[in-house]
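Single chain ahead, written as structure tokens, the form predicted alone.
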Amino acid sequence: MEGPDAKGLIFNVTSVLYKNECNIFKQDEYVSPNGWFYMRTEFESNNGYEPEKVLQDLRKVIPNEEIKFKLHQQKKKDIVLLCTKEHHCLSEILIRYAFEELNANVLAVVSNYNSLQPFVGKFGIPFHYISAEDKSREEHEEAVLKTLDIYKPEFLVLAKYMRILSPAFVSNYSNRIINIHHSFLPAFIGANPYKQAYERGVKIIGATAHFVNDNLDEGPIIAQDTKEVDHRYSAQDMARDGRDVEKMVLIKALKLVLDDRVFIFGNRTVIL
């Protein structure tokens, strides 16, 4: 639930769930400085419950339509992974998926290179090679979208998909594309961030997982982490160690999104 803060919101929600014979086992709330209220409640019902009735009951006691309610059942989300030639993020996701450590169904992998196809094949996951060399940007994106239409994923995961997506492409999956950027944003936006970091003489490197919007590497941030470096590190050393940070940050972000813990408000996220 999210919307303008008001007295009695927590009481009203918990009362409705109680009257519908639901048991709350986890709850978290946050009120932003501008007075916007967020609440995430995990509940269960041994007798079963009617989601539509719960939503109707909530609207009766909280009639303000600025306040939005969403009910999510605990189920695996359907995702498609997009990659190019780097394997570290893709392999981390697929290994965790194979051991059922992600709340997801990996439906397919799409790439503009075919070098990772043998690896993906070991997991029994469909691999779609769509070359970009003989197509314009628009033609390539159209081909990718046609492939995605086969699977109708809930989320796209850019596992080092080193291509800039057009606003037209992004509009098909608004707030549903998760990217990993190999720097601690907002520093070093764009290409070659480790080279930029080396030339700047940084003492930390990092990675940022964020939702994709129309502005390059400026979408709402989901998760970040850093690693200390020093003057002995070359740009190649930074890139090597950075890859470990990248894959762990992407996994952390994926778990948050797949477990319905991320609220988007403007260009920010609230994690509950």
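So that there is no doubt, residue numbering starts at 1 and follows the sequence shown. The shown structure was predicted, so the numbers you read here are calculated from the model rather than taken from an experiment.
Just so you know, the form predicted together with another copy of the chain exists too; it's not on screen, but the next bit is about it.
The stretch among 171-179, 115-123, 157-165, 71-79 whose residues place heavy atoms within 4.5 Å of another copy of the chain in the predicted complex is 115-123. The three marked residues, F11, I24 and F99, each reach another copy of the chain in the predicted complex, with a heavy atom inside 4.5 Å.
Heavy atoms of R137 never reach within 4.5 Å of another copy of the chain in the predicted complex, leaving it off the interface. Shown alone here, R200 lies within 4.5 Å of another copy of the chain in the predicted complex, counting heavy atoms only.
Another copy of the chain in the predicted complex is not approached by D57, whose heavy atoms all lie more than 4.5 angstroms from it. Contact annotation for V212: none of its heavy atoms lies within 4.5 Å of another copy of the chain in the predicted complex. Residues of 29-68 that come within 4.5 Å of another copy of the chain in the predicted complex, judged by any heavy atom, are E29, Y30, P33 in sequence order.
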